[in-house]
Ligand SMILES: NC(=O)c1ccc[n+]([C@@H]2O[C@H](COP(=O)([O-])OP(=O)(O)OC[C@H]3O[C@@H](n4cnc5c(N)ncnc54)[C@H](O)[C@@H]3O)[C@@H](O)[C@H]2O)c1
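Before any questions on how it binds or moves, here is one chain, the form predicted alone, in structure tokens.
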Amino acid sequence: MTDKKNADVCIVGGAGHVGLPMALSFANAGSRVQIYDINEKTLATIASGTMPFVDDGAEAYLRHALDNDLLTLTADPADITPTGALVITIGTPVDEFLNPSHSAVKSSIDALIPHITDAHLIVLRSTLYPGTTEWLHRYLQECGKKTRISFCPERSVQGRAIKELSELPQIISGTSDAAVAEAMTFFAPVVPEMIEMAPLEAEFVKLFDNSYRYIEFAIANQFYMLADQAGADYSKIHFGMTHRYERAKHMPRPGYTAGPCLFKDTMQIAAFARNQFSLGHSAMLVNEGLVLYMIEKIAAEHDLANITVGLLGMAFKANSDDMRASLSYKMKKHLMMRAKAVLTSDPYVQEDPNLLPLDEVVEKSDVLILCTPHADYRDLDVKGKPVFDVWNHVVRPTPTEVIKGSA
């Protein structure tokens, strides 16, 4: 692909967590893929054959794409291929007032309009506020464009995007029959199944899925705090609730619930519901409040002003390097106002210059908080230091400690 414009698909924002796994999946299926992204440092990392973040199996896919000349990278919008699919991975964020910020989508589209042609199929990939797909269709028509518009949301767990793209049903929607047909043809080589629906329905699928998970985790966190306040061991309660009991087997464990999607998407539903989505707001208060609950729990047992607290894990989820919207940083921010010192460590995160080696954090800390249950911390030798572990990951009961008197 010496000619950068000789591509079957251009992925806008393609160096990110949504775009890059998709780009590599299509390249692996034989498509000529172009990544357009303004982050030139990350583009250089990708061009060197190195993944800029963790995603299972991605390194081999990237090597294949580069070795077979199926991937080109550009930071110049003038290079965007004039035909084929134009995948846009910019979604709708929420602002400081927890309202959706439409300007992010509009500004990205405005920057692309000079390069959008009537030969493009535009595929919107990230979370959108309800009605955004139809709005974009009207907006581009007003700008004189006859481009087909589709919303086909990504639905993968961060870190397993390549694997799950080939396993999960793909939601397909479009603002016309032609857009739907083109989107189905586009995704057919890489997905196992497609489900067609209207754009508004597809937008709700993405938002409702993430809101449901956020509320699920809030229930677990609320239960944990109730049991803990009563002096009960919630890890044993959870085991009793779920062990060989089908109706509760999917009950999640408690933990710090955050990341780039769950909180944001729940707040978008709340805004759409004119702030009448009481379950969503309650979930936010519980999940965000767990951090403060744990700080008060520690303060009840230790003089925070005279101790050093070590935080283990700064990524928002286990075995990931993604620290976007991680509650570990909320924990750090609040503790820095109360503790003598706060030390942090994470075996995966690369972008935080304040991280220290794990051994140093354990050695220098008076109290440890397990913020992220990385596999590296399982059965960690904490040198006798108190560990506040809501995940029950470092020190956990064995089944024989829970199931007493069973055959």
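Not measured: the values here are computed from a predicted model. Each residue number is its position in the shown sequence, starting from 1.
This protein has a second form, the form predicted together with the named molecule, left out of what is shown; the following refers to that one.
- None of the heavy atoms of V387 is located within 4.5 Å of the named molecule in the predicted bound form.
- Contact between V9 and the named molecule in the predicted bound form is not found at the 4.5 Å heavy atom cutoff.
- By the criterion of a heavy atom within 4.5 Å, Q158 is counted among the residues contacting the named molecule in the predicted bound form.
- H17 belongs to the set of residues with a heavy atom inside 4.5 Å of the named molecule in the predicted bound form.
- Within 4.5 Å of the named molecule in the predicted bound form, a heavy atom is found for not a single one of T242, R253 and N392.
- The stretch in contact with the named molecule in the predicted bound form, judged by heavy atoms within 4.5 Å, is 32 to 40, chosen from 60 to 68, 341 to 349, 32 to 40, 375 to 383.
- Contact annotation: of the candidates C261, L165, M323, A202, the single residue with a non-hydrogen atom within 4.5 angstroms of the named molecule in the predicted bound form is C261.
- Interface residue among S101, Q222, T308, S108 relative to the named molecule in the predicted bound form, by the heavy atom within 4.5 Å criterion: S108.
- Applying a 4.5 Å heavy atom cutoff to the named molecule in the predicted bound form picks out S126, T127 from 109 to 133, in order along the sequence.
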